[in-house]
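Read the single chain below, which is given as C-alpha cells and is the form predicted on its own.
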C-alpha cells in the first residue's frame, strides 16, 4: 500500500508540474475572439488529461525501475502475477467515458463557435494567389486589402477564391475555414480584444504561399465607423485615373505577387515598369506599353518574363476598358 500512496502522490505532482509547465510556455497566442473561449476551454481540459496520462505512465515506470530493480546477487524468478479483471474493466470503462465526454464537449464547442448573431456585419472575403481582399457591402461596397473589425460585434465572413483552395486563419481568433473556388464558405468572428493581427493562408496554395498575409485590425465601434466612412468617401470620390487605378490594384490583390519597390516577389516588380524593355522566357523582348500591360492583365500566361517561368501563372482578370485605362495610368506613376 505504501508504494501505491507514493506513486499516487508523485502522479499528482508530475501532472501539476507538466500542466503548469506547458501552460507557462504559451503554446497558444492571446485569445482575441468570442469563438476562442470554448476552443481554449477544450484545449485546457485536454492538456490536463494529457498531463495526467503522461504522469500515469512515466511515474510508475520510473518508480518501478528504481525501487523494484533487481538487487545485486538476486537470482530468483520474479513473482508470477495473473491478470486482474477488475483493473482491466476499469481502464476500459474510464477511457470510454472520457472519450464520450470529449465528444460531447467537442460538439458543444463547435456549436458555440457557429452561434449566429442576426445583427452580424457581413464582410465579403476574396482570396487569390497570394493576397486577400475585403469588401464591406453595408458601407457602400468599398474594397480594401486590410480587414478592419469593430470590437464586440459579430462579423460574418462570406468567402470565395479566384483560383485555388486557400484557408482563412487568424491564430488569435482560433477558428479557421477553407476558401474554395466557385463556392462560398462562411466563418463567424466576434472580436473581443483590440489590436493588430494577421490573416494567414493555412492551405499550401503555391510558390508564394508564405507571403499570403494581410493585416487584421480590431478597433472600437467609433473608430471603425470613422474608418469605414473615410474608406467609403475615398472609394466614391476618387477623381483622378491614377487614384482609381491604385484602388483597383489594391482591391484585387495584385500586390500579393507584385511589389512597388523594385523587390522581386512572385512576379516582376511594377516599379519603372511602363516603357521599360521586357525580356521573356522564350528569348523575345518587347516594350512595356499599354498593349503589353492589357495583354498581361487579361492573359497573364501569354508572355512570361524571363526568370519567372517556373512561377504559377496567375488567373486572368476581368476588367472593362475604363478600368484598364485607370490601372495603366497608375502604373505610369511608378517611376
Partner chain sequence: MKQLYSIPLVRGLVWLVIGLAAGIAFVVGIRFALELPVMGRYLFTEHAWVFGGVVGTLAFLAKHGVMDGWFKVWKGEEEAEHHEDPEGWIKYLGPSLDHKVIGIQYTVTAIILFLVGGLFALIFRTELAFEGQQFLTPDQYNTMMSLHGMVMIVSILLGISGLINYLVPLLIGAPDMAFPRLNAFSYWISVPAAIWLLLSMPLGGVETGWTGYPPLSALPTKVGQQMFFLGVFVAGWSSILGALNLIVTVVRMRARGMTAFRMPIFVWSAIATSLIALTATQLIGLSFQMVMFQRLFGMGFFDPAKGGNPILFQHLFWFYSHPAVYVFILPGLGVVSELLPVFVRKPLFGYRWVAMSSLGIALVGFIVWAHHMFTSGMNEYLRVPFMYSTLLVAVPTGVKFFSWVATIWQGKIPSPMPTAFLFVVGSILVFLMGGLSGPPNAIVTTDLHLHDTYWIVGHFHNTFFGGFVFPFFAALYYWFPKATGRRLDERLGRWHFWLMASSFFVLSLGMMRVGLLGMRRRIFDYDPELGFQTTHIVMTVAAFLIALSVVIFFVNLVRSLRYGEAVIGNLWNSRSPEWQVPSPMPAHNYSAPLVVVGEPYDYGLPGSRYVDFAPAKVGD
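Computed from a predicted structure; not experimentally measured. Numbering follows the first chain given and starts at 1.
Below: the form predicted in complex with the partner chain, not depicted.
| said: Test of understanding: in the predicted bound form, would residue 203 fall inside 4.5 Å of the partner chain by heavy atoms? | reply: Flag for residue 203 set to yes.
| task | Examine residue 128 and determine whether its closest non-hydrogen atom to the partner chain in the predicted bound form is within 4.5 angstroms. | result | Output for residue 128 is no: heavy atoms all beyond 4.5 Å of the partner chain.
| query | Is residue 109 close enough to the partner chain in the predicted bound form to count, meaning some heavy atom within 4.5 Å? | reply | Yes, residue 109 sits close enough to the partner chain in the predicted bound form that at least one of its heavy atoms falls within 4.5 Å.
| Hey, in the predicted bound form, does residue 118 get a heavy atom within 4.5 angstroms of the partner chain? | Residue 118: no, not in contact with the partner chain in the predicted bound form.
| task | Quick one: from 124, 198, 193, 250, grab the residue that has a heavy atom within 4.5 Å of the partner chain in the predicted bound form. | result | It is 198.
| task | Would you kindly say which of 151, 234, 156, 180 lies with a heavy atom within 4.5 Å of the partner chain in the predicted bound form? | result | That would be 180.
| query | Are 281, 287 and 326 jointly within 4.5 Å of the partner chain in the predicted bound form, each by at least one heavy atom? | reply | Looking in the predicted bound form, the three residues 281, 287 and 326 all stay beyond 4.5 Å of the partner chain (heavy atoms).
| task | Pick the stretch from 163-171, 219-227, 135-143, 242-250 whose residues have a heavy atom within 4.5 Å of the partner chain in the predicted bound form. | result | Every other range fails; the passing one is 163-171.
| said: Residue by residue through 96-111, which ones have a non-hydrogen atom no more than 4.5 angstroms from the partner chain in the predicted bound form? | reply: Sequence-ordered list: 96, 99, 100, 102, 103, 104, 106, 107, 109, 110.
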